[in-house]
Structures are given as C-alpha cells and as structure tokens.
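As a starting point, one isolated chain is supplied in structure tokens, in the form predicted on its own.
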C-alpha cells in the first residue's frame, strides 16, 4: 500500500501513545510489560527507517571484499564460508573495517543508547 500514514508513522504513533498516555496510568509488572512493548515498537521503527540503507552499505562492502554479487544474506554466508576455510581473516584488507561498520549499523538499530556505541559515535567510529 502507498497510502498515508506510512508503517513508520503508524508504529511511531502507537509507541508515542503508549509511552505518553498509557504509561502514566499503570504501575508494577504491567508497567514493565508496557515498557517492553514500547521498546519493541521503537526497535521496529528504527528497523523500518534504517535497515534498508545499512543493508545497502553492507552489500557494497561485501561485494568489494568478496568480488561477487548477491543478497546481504548470500554475501554474509559466502564471507562466513571463506573465514571458516581460512581464505579471509582480520589481515584481509577491508575486513576489520567492514565488521566494525556492520556492527555500528546494527547497534544504531538495536541498541542506540548503548554507552559504548554512543562513545564510538562521538569518536567518529
């Protein structure tokens, strides 16, 4: 569907509603479960907004490292196989940088408030 609101807008609206209107009304274990649900909705929103770009960057890095085309899943499988065979290791030019960039992209979606992630962002990591 190409109608408005978008899935991103819907997910964010539900999370904001739960966070701002419902959270103040409940307490105890139910409040904990609500915080978990809000965190999940926030995660889904980040996935919807960031994963396409991070996947595209990952594919480009993997293509450069491996010299082949494929989906992000296929290329990661090929990289894992080459690592397992000893054909690729941390001495391979670009591998460490690729792994670091992939980790940072994944943390941006999964754990953007992680202290070490924030510290690396400040350092330009």
Partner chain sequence: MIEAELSCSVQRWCPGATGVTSAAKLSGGASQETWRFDITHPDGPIGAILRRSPKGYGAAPTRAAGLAAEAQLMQLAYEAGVPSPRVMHVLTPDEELGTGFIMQRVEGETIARKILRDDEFAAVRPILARQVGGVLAGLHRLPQDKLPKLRSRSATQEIAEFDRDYRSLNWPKPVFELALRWLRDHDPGPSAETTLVHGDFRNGNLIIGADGVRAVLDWELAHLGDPMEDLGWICVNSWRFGEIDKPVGGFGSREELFAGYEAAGRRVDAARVKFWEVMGTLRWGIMCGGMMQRFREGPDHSMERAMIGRRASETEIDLLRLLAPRGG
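What you see is a predicted model; the values in this text were computed from it and never measured. Numbering follows the first chain given and starts at 1.
The following text describes the form predicted in complex with its partner chain, which does not appear among the structures shown.
Checklist entry - Do residue 107 and its partner chain share at least one heavy atom pair within 4.5 Å in the predicted complex? => result Yes - in the predicted complex, heavy atoms of residue 107 and its partner chain come within 4.5 Å of each other.
Checklist entry - Taking heavy atoms only, is residue 115 within 4.5 angstroms of its partner chain in the predicted complex? => result It does: once its partner chain is placed as it appears in the predicted complex, residue 115 has a heavy atom within 4.5 Å of it.
Next on the checklist: Just checking whether residue 39 would be counted as a contact of its partner chain in the predicted complex - the rule being heavy atoms within 4.5 angstroms.
Outcome noted: Close contact exists here: in the predicted complex, residue 39 approaches its partner chain to within 4.5 Å, heavy atoms only.
Item to check | Contact test in the predicted complex: residue 26 vs its partner chain, heavy atoms, 4.5 Å | outcome: Contact with its partner chain, no.
Checklist entry - Even though the chain is shown alone, can you say which residues of 70 to 85 have a heavy atom within 4.5 Å of its partner chain in the predicted complex? => result Result: 76, 77, 79, 80, 83, 84, 85.
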